[in-house]
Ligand code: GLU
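Before any questions on how it binds or moves, here is one chain, the form predicted on its own, in structure tokens.
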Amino acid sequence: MTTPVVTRFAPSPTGSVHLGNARTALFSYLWARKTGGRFILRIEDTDVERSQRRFRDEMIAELQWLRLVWDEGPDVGGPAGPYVQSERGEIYAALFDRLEAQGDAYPCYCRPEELEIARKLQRMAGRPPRYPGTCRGLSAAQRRERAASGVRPTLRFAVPTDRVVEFTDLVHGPQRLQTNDIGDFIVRREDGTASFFFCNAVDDALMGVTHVLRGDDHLANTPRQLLVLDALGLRRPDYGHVGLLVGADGAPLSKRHGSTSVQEFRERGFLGAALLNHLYRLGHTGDLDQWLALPEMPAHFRPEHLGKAPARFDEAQLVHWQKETIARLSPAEVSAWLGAGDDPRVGELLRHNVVLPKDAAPWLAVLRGELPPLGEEERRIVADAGPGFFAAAAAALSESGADLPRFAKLVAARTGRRGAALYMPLRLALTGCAHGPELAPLLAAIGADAARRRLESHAQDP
């Protein structure tokens, strides 16, 4: 029997949801659903200066658009709430007190300029910059003296010496780190808020998270977080650090590569299912290489097949999955997505000719009667057909309606034209374009009356 897995997605509301974060959310969601476990949304907003409520609201909206539904979170509640870190201050304060009482943490009164000088001296001596432990050995009297000077202290975790932190990463395998290579790190900032190292780790434990998936840029953070959890006697989750998303040049995905956030792709008109199908294959190999609806993905998700190598985001591949997604929409859904109401004729007409809504704009204009001007070659084709051809076509349309096979048969019988000599001048008169969607659904979408008027406009002598 599969043990239920509890995962979480814990974004900071300091901007839009990055594609890398969306992929992490997807993998975490799929793992929980695969095992009948729980998926938690937690908002990590202890960075007061950068966190904004509007970003939090936008993040929730983007996740809902992707249909990554969480079982516990700030809007649905749950047994381990609150699920917004800025509302968990009392929980953190009690844990800080426990660390201090155990001797596992101490107040640090060092000013930023003092710390920078220490780091420079360490680098000059060829040593990695770490906190030198200046305040670790202060006596109670010395601490009272520094507090009286008005300095607001941070709280640092006292990293034990001569120990080894070991854990098995779900992606990278066994990991070992000497504690002597870790400097005492801040768990509470001078403004009283909890640092990432602290609140991210303890919240995972307190919320019952069993498996944490995140980018491998966090791999170096894990030993520090395990030290905190061990000191507090809290359960360690299993960690898996997947390779980061990169652009075609191999560099971490950034604005210079184009769109990088879920919001940007949504605003451009990409469909959520297309984005999920592409992200599903970035750094993960499932057991089926075909388009999958979100409810189908958990069964084919393979956490043991998560990759440590960087995953290249390729918009050309996203376009492939976009086309696959469009093909699975109903005509009415395609029409609504294109902003053309729910007319199934429009959806059926354009589903194979567009990737994004902007691609439909010229054809929606054609349907409204806003035809583009003909080019030189197109004018020659229309002139060669002559007014008589279009007069005969207009008359035929009055009999056939928007039934293309019947309409074409009547025009062919009355004009003697066949093949391209028949269809090309008709297409140009009706759409102003030599290429595009099939003529039958085009004619149906334009409608017999509007089509007849367009033909009649070419039946006049120039």
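Residue numbers here begin at 1 and follow the sequence given. Quick caveat, the model's predicted, so the values are computed rather than measured.
Beyond the structure shown, there is the form predicted in complex with glutamic acid (GLU), which is absent from this document and is the topic of what follows.
- In short, of 120-128, 315-323, 185-193, 212-220 it is 212-220 that has heavy atoms within 4.5 Å of glutamic acid (GLU) in the predicted complex.
- Interface residue remark: residue 200 is counted as part of the site for glutamic acid (GLU) in the predicted complex, having a heavy atom within 4.5 Å.
- Of the heavy atoms in residue 16, none are within 4.5 Å of glutamic acid (GLU) in the predicted complex.
- Using a 4.5 angstroms threshold between heavy atoms, residue 446 stays clear of glutamic acid (GLU) in the predicted complex.
- Shown alone here, residue 58 lies farther than 4.5 Å from glutamic acid (GLU) in the predicted complex, counting heavy atoms only.
- Counting a residue when any of its non-hydrogen atoms is within 4.5 Å of glutamic acid (GLU) in the predicted complex, the one hit in 28-47 is 44.
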